[in-house]
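Below you will find one chain, with nothing else, as structure tokens; this is the form predicted on its own, and questions on how it binds or moves follow later.
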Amino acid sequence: MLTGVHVVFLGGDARQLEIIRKMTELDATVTIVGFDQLQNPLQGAYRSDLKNELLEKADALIMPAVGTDDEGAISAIFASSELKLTDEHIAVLPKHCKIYTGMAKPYLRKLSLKHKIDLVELFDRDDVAIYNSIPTAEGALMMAIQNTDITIHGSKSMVLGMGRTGLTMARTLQALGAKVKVGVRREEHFARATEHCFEPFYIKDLSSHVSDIDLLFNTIPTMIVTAQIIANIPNRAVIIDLASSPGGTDFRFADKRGIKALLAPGLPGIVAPKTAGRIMADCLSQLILADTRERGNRV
């Protein structure tokens, strides 16, 4: 239980609602900022404005999936006005307080480092990323079905990267009867792809493997689907880039060639916000509980 622990939420989307519910179930004191447009009240949570007096009493500060933008603005779809996190806000946080977010941009990282406040990025954790790969793959399939006139079954599909998202994406495509090629960089990934009965190849040879594909799913967050690669892709193909913005595809050249290329980061929060919220809620509750116990032992 989190009795006596003050958890402050700053903005967010539908995923945050699941996390708030979890925190109140665990008896935390929950204050929410940026939820004044929410129609249904959240039982057990107190609404507030963003003010120093609130942050001075926080034991945990929970930010949206992307903490802030490069100027400190906080995404808050339920807020009636803009929220912005400033240097002064971080300065008044208690030193034991931790900031939790999905991923942080340099603005939030710099402020946290300056004021010696621990920053926890959930999307860096293997467990969260693996769980999130499931709604990511489902969302990518939805986009593929909406933007093609063929079935996934029998399609020639390619997945670039065999990390946490890439493996789930490739397995999902294979389960639906697609012929799956997987682009890898490491020998152990080549071996694992072979063990899964995919058709593996090394990324350095990408240009020679794209001439007959129907679907390309990229999970690598660097420019990998370049103009030179796109020049070899058939016009019927659809590219779905699952990497973090700005993705790893030359979208300008794809458009010039008439190839449909879609950037699709953050799919869990779009296609399955309740599931994505529960994933984050379970992880956060464990982390905050462990931190509370450790702080209690020190005292």
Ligand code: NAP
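On a predicted model such as this, the values are computed, not experimentally measured, just so you know. Numbers for residues come from their place in the sequence shown, where the first is 1.
The following text describes the form predicted together with the named molecule, which does not appear among the structures shown.
Interface residue among 45, 267, 61, 230 relative to the named molecule in the model of the complex, by the heavy atom within 4.5 Å criterion: 267. Only one of 191, 203, 175, 113 comes within 4.5 Å of the named molecule in the model of the complex through a heavy atom, and that residue is 203. With the partner omitted here, the stretch from 63 to 71, 243 to 251, 35 to 43, 50 to 58 that lies within 4.5 Å of the named molecule by heavy atoms in the model of the complex is 243 to 251. Although the partner is absent here, residue 164 is a contact residue: one of its heavy atoms lies within 4.5 angstroms of the named molecule in the model of the complex.
At the 4.5 Å threshold, heavy atoms of residue 224 reach the named molecule in the model of the complex. The named molecule is not drawn, but in the model of the complex it has a heavy atom within 4.5 Å of residue 220.
Although the partner is absent here, residue 153 sits far enough away that none of its heavy atoms falls within 4.5 Å of the named molecule in the model of the complex. At a distance of at most 4.5 angstroms from the named molecule in the model of the complex, none of the three residues 16, 109 and 117 contributes a non-hydrogen atom.
Looking at 169 to 199, the residues that come within 4.5 Å of the named molecule in the model of the complex, counting any heavy atom, are 185, 186, 189.
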